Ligand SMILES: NC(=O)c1ccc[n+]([C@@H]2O[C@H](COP(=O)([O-])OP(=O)(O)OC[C@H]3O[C@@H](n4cnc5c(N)ncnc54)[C@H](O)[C@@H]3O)[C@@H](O)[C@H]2O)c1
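Consider the single chain below, provided in structure tokens and representing the form predicted alone.
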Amino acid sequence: MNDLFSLEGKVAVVTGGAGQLGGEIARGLAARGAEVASFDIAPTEEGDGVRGFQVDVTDRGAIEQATARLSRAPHVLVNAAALDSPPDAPAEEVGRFEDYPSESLDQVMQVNVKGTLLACQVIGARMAEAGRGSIVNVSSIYGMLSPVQELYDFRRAGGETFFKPVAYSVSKSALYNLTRYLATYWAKSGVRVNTLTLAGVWNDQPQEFLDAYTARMPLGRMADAQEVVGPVVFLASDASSYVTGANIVVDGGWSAW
């Protein structure tokens, strides 16, 4: 029996491939035999089957130019590019919902929603023309469920006003219906489209946050970035040939409470 999880001979595009999660996904797909292109506004660490393209995913022309440089029409697209409020975000961005800046909302929606939509338009169209393909839109438990604001009590203990901002949740929830829309739109063209919903990935977060987060997590820890690769390979490969329009939740049991 052929290896259903093999990506030999396939071309894959990973947006956000210069980031922690996107980089791990890109290397993981390459390890399964794919020829991988990373589309990221930042330079990508190349090698081991990964080729980097500096691409602003909010610029359709940039996506088209990079896609035209690939050896063949992509078989796989993983939309991992995303923007969230960094730890050193301005006070008004992590303050009360009532005061959340609309400019910050615009920036997050541009990357997380528009960037995903544009990549699907450009690359998905080429997949449909070729009659095959798999698109994986990476979402978050904060797009499926409301953030647990108590996780950030340690930030407020000293008098700081801090709330997990609204824009990330709004943007990630938008991907579910983008996935469903495209799954039905391209079904007869042989293109499968699915959402992958992830819980938090360890990235040297403050210990106070880790303690609060893992206390609520059934598996008792955050995910390692490498643990995301398996689900992505499943959705990208022929192992998931009858899976489309689905939301695959990989969250350590977070949403099971």
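This one's a predicted model, so the numbers in the text were calculated from it and none came from an experiment. Note that residue numbering begins at 1 and tracks the sequence as displayed.
The form predicted together with this ligand exists for this protein as well; it is not shown, and the discussion that follows is about that form.
Just one of Ala119, Ile135, Ala81, Met127 has a heavy atom within 4.5 Å of this ligand in the predicted bound form. Which one?
So the residue touching this ligand in the predicted bound form, by this definition, is Ala81.
Just one of Ala62, Val50, Ala199, Val229 has a heavy atom within 4.5 Å of this ligand in the predicted bound form. Which one?
Exactly one listed residue reaches within 4.5 Å, namely Ala199.
Of the listed stretches (184 to 192, 66 to 74, 41 to 49, 28 to 36), which one has a non-hydrogen atom within 4.5 Å of this ligand in the predicted bound form?
Selected stretch: 41 to 49.
Given that the partner is absent here, does Val11 sit within 4.5 Å of this ligand in the predicted bound form, heavy atoms only?
Residue-level check for Val11: no, no contact with this ligand.
When the contact criterion is heavy atoms within 4.5 Å, does Tyr152 count as touching this ligand in the predicted bound form?
It does not: once this ligand is placed as it appears in the predicted bound form, Tyr152 has no heavy atom within 4.5 Å of it.
Can you check whether Ser140 is within 4.5 Å of this ligand in the predicted bound form, heavy atom basis?
Ser140 belongs to the contact set for this ligand.
Can Ala167 be called a contact residue for this ligand in the predicted bound form at 4.5 Å between heavy atoms?
Ala167: no contact with this ligand in the predicted bound form.
Suppose contact means any heavy atom within 4.5 Å; which members of 209 to 246 contact this ligand in the predicted bound form?
The stretch 209 to 246, when checked against this ligand in the predicted bound form, contributes no residue at the 4.5 Å heavy-atom cut-off.
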